[in-house]
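So this first bit is one chain, no partners, the form predicted on its own, shown in structure tokens.
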């Protein structure tokens, strides 16, 4: 309701009209958000605002004029609040983009797009392959005990791997796991066979950081336990994985090795076809990708399984090496893949 519809000789109504014009002029002149805030506090502030001061006088004026003054004060407040919002939006646009300062002849900047880390991408690829073969993903704590990290895996505490030079101990017998094998023990303790799991995760060792070592890295291990699991199942599963990961022409071979928790144990090598930049395909040399073997009967007995009834196999690999071999520079992979140290130094040099 404006002055035209009420007694316009009331001094408070006249004063409100004057304040409205004064405040709107101050809003128009405000050049930034701080100036707008000062205008708001000056006229609409609850404690010292000029319009608020008039509203506090309503109890002192004649009741016949009280309604008209209150209505006019509310109208002025709404008008000023709307003007502040409009001007605030204008100031924000002017601050975000200064037309006079901008060089409109410069080419536009491309939008940055994120992507999956190569190691994380390979972990997902490996998981999808084994999930297609009936595996379940399993997790476990990264801080574990000597029992799960060593003893249950048929590794006595006087074994060199349990020495502090290799293992990061936290307190008493608690340590940062040096492999994801404790997940296998915890899974077998909670579930009866058949077991078919894949356990990816971070592991930690007392290594000096260089081209081929790091104190923290990703690892993926798998475990299969059931009645009648044989070495044929073991080799066939890993051969199928290699073909799905690198291609149908990929070959694997097993070399005798030793791990305390598997017997017999083997190093798994692959040979595959590599596509060069010119489109030609050549066969690579053999290169190790994982360690594996049949689960030692002592490990099965440590979790309460009948080793005469159940057998199984386990394997472990580093997804960083898998990522380097699959997505690294093809020509270098062909000629230097037997020397992982060279590849690591090359990758570090490119990164720097």
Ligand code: PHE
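This one's a predicted model, so the numbers in the text were calculated from it and none came from an experiment. Positions refer to the first chain, counted from 1.
As for the form predicted together with ligand PHE, it is not shown, yet the points below apply to it.
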Exercise. For residue 43, is any heavy atom within 4.5 Å of ligand PHE in the predicted complex, or not?
Worked result: no
For this session: Using a 4.5 Å heavy atom cut-off, state whether residue 316 contacts ligand PHE in the predicted complex.
Result: yes
Exercise. Using 4.5 Å between non-hydrogen atoms, is residue 261 touching ligand PHE in the predicted complex?
Worked result: yes
For this session: Please run the contact check for residue 243 against ligand PHE in the predicted complex: heavy atoms, 4.5 angstroms, yes or no?
Result: no
Problem set entry | Among the candidates 196, 205, 271, 186, the residue which, in the predicted complex, approaches ligand PHE to within 4.5 Å (heavy atoms) | 205
For this session: With ligand PHE left out of view, choose which of 49, 70, 291, 297 has a non-hydrogen atom within 4.5 angstroms of it in the predicted complex.
Result: 291
Seminar exercise, completed: Only one of 61-69, 308-316, 27-35, 279-287 sits within 4.5 Å of ligand PHE in the predicted complex by heavy atom distance, namely 308-316
Exercise. Mind listing which residues of 179-195 have a heavy atom within 4.5 Å of ligand PHE in the predicted complex?
Worked result: 179, 181, 184
